[in-house]
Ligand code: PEP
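The chain below stands alone and is given as C-alpha cells, in the form predicted alone.
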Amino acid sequence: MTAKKQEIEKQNELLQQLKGQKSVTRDGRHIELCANIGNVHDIGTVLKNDAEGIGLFRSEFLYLENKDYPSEDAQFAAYKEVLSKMVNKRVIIRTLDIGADKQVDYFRMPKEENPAMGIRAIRICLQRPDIFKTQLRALYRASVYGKMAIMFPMITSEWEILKILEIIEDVKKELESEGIAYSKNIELGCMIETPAAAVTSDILAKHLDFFSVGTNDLTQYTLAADRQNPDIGPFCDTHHTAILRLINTVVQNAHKNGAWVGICGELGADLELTELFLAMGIDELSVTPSAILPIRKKIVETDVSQIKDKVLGKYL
C-alpha cells in the first residue's frame, strides 16, 4: 500500500469517528453543520454523512425537471418527502431561483443582455405572484411534516421582504379559510448574495429570523466578476478582503437584531476559512454532503477564544 493511500485510509477512519458527534469547538461553541442538496434523491447522502440538517434545499429542480409549471400538489409531495425523511432536523427550502444561468423555456423570459443582473429569483416571484403563491401554499401545507424554514434568494431591498411577508399573510389566511393546517413555527430568512443585502442587513434582520450567505453570487457581484466567464479567474479572488468584510458585517448586524447567520455558498466548505468563520461568529455552515466530516474535524479541533483576534486581524 502506498504512503498516499495509507494516509487517505487513516483520514477516512478518523472522519468516521466523528459521525454522531456534535460540531462543537474546544471552547464549547456549537456550529450547526448542514448539507446543500439539489433534489429529494440527495437525502440518502445527507444522512450518510451525518448532516445536522439541510441548510439549502434548491427547490428550482421542480421547475427545471418539468415541461410546465409544477402543480401545488406536486411541490407539496416533494417538500413533504424531504421533511419526513429528515425526521425533525431543520430543512431550509429556498424558494424558486430561476434566471441567470438557470433558464426554463416555459417561463418565456425575455432575452436579457445581462441576465445575472436582470429578472431572476425573487424578482420573478414578485412580478408573477401566482407562481410564488402556489409554491408558498405547497410549502406551508408541507410544514406540518417536519422542521421547515423558508429562504428567499436575490434580495436587495427592504421593500421586497415587506412584500414577501404580505403575500405570506395572504397565503396563511387562504389556508386557514380552507381548514388546511400549517406550522406556526416556520423560520423565515433570506440569502445574502448581493452587496446591497449585506450592507443593509441590519434593516433586513428586523423582519427575518436568519440569513444565509450565498458566497458564489456575493463574490460575483462584489468583484464585478462574471462567474460564468472562464477567463475571469485571476480577477475573482474568493478570499478578497471585501467579501470577508461583508460577511463579517452581516454576522454583526444579524446578531444585534436577534437573527442567526449561515453560509451556504462554496466558501462554507473552504477549510482555509473555517477558523475565520468561527472567529466571526457564524452560526451554521451548509456544504456539499461529502465536506461535512472534514469540516467537523476542523471545528472540534479549534479553540475560538485562542485564535479569534489573530485570525480576524489576518483577514479583515
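Start at 1 and count along the sequence shown; that's the residue number. This one's a predicted model, so the numbers in the text were calculated from it and none came from an experiment.
Beyond what is shown, the protein has a form predicted in complex with the named molecule; the following relates to that form.
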- Where does the named molecule sit in the predicted complex: which of 85-93, 71-79, 209-217, 196-204, heavy atoms within 4.5 Å? 209-217
- Task: Report yes if all three of L56, M191 and R227 come within 4.5 Å of the named molecule in the predicted complex by some heavy atom, otherwise no.
- Result: yes
- Considering only heavy atoms, tell me if G265 and the named molecule come within 4.5 Å of each other in the predicted complex. yes
- Could you confirm whether E160 comes within 4.5 Å of the named molecule in the predicted complex, counting heavy atoms only? no
- Would you give me the residues of 245-260 that have any heavy atom within 4.5 Å of the named molecule in the predicted complex, in order from first to last? none
